[in-house]
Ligand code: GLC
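Below sits a lone chain in structure tokens, taken as the form predicted alone.
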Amino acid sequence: MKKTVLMLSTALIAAALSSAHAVKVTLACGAVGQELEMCKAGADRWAKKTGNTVAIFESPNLTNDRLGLYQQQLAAKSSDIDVYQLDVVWPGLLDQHFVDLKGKVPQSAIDQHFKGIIAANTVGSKLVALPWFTDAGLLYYRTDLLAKYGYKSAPKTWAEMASMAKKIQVGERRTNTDFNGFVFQGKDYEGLTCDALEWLTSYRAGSIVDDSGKITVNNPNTIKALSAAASWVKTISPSGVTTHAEEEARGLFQSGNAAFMRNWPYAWSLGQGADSKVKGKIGVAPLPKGGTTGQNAATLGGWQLGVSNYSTNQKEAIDLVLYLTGPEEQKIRAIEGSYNPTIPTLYKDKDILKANPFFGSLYDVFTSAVARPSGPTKEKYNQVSQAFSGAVHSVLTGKKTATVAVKELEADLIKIKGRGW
């Protein structure tokens, strides 16, 4: 009896000590598609493993809104959020607010990721964040409708895509007046910067600002690219496309109301869900070229996890980041949510390839994606992106011609650059 009481007492004391040492870590998660749900699930697995708890901070959907909120929090040196989810273009803008992870996480954990993505998260010698998942723009299409209208493969050029979309749209609108040929991210925000950079690169128009910091956007190929995109609005794309972000585009495509869609990999698993009207009818291909002399181009996206300098639980926060960005969690997220791993070896994983067949066939798309000019423009990238997406939006909405918008954009970028980036 005394032995039993002693054992119970020891167990209670151990539990009390464990509880006393447990901490609560606050993790900022996105909420696009399954992001929030999967972020919570991963955090719960870490909490169960460590005995700590995780509070989830739900971030705004739009990247621009999220950045603005984060900047307010960080400028105030708030300790409310321990771990932030960071866009791949933010490290250079926010690095002063984050813990240098070099020396605080094993080098082997760093080395398992794509070198290019680690480089994107490194400012000077400082590792601002660890990669969580990567992204690249893709062309989704209805395999059943391409077959129905006599097409044997996905379009190779934007002009071919527009022609196919028009034919399919005309045919489908005989029974469905809500049907559209092509949907994309046309709202004036960071998502449009990503879409439009793909258009420019596909026409070999450069990347707004080149690696040396030279402003290159005002050229004939940029005008061709933006004019082509503007021609889609109200013809193969609905007029409302200029208000669409990722989820609006996905909603139309997944409800069976579009032939083609530009979106990120996350849309695949949702399109295969039980509630999807296009389940089993989706194909994925590289985004088209800008003509026969153009090239396939996908903007590099993706998100990372960084630990705030103002966190009062940095040790536990770093452990959470290490866990969530590790191969076990990345495999779960790839299978259940089509989130692209940042660990090369996972692209050979049979379970991942079974869930996402295009991960293997489009591997080169993900590993050669085009970076936004956040490197050369440094802390001014956000201003550059806003000026660019605003100019593109003015062309899509018909307020300006591509020629006028690009010329004015060049002048705006010269002012933003000032004496230098």
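Residue positions are given as counts along the sequence shown, with the first one as 1. Everything numeric in this text was worked out from a predicted model, so none of it was measured.
Keep in mind the form predicted together with the named molecule is missing from the figure; the text below concerns it.
Colleague: For the chain shown here without its partner, which stretch in 163-171, 85-93, 217-225, 197-205 has non-hydrogen atoms within 4.5 angstroms of the named molecule in the model of the complex?
Modeller: Of the options given, it is 85-93.
Colleague: From the list 394, 374, 26, 63, which entry has a heavy atom within 4.5 Å of the named molecule in the model of the complex?
Modeller: Of the candidates 394, 374, 26, 63, 63 is the one lying within 4.5 Å of the named molecule in the model of the complex.
Colleague: Taking the named molecule in the model of the complex as the reference, which of 286, 294, 302, 238 has a non-hydrogen atom within 4.5 Å?
Modeller: None of the others qualify; the residue that does is 302.
Colleague: Does the 4.5 Å heavy atom contact test between residue 232 and the named molecule in the model of the complex come out positive?
Modeller: So residue 232 does not count as contacting the named molecule.
Colleague: Is the gap between residue 246 and the named molecule in the model of the complex 4.5 Å or less for some heavy atom pair?
Modeller: Output for residue 246 is yes: heavy atoms within 4.5 Å of the named molecule.
Colleague: Classify residue 341 as contacting or not contacting the named molecule in the model of the complex by the rule of any non-hydrogen atom within 4.5 angstroms, answering yes or no.
Modeller: Output for residue 341 is no: heavy atoms all beyond 4.5 Å of the named molecule.
Colleague: Even though the partner isn't displayed, in the model of the complex is residue 135 close enough to the named molecule, meaning a heavy atom within 4.5 Å?
Modeller: Flag for residue 135 set to yes.
Colleague: Enumerate the residues of 184-211 that have a non-hydrogen atom within 4.5 Å of the named molecule in the model of the complex, in sequence order, or give none.
Modeller: Read in sequence order, the residues that approach the named molecule (within 4.5 Å, in the model of the complex) are 189, 190, 191, 194.
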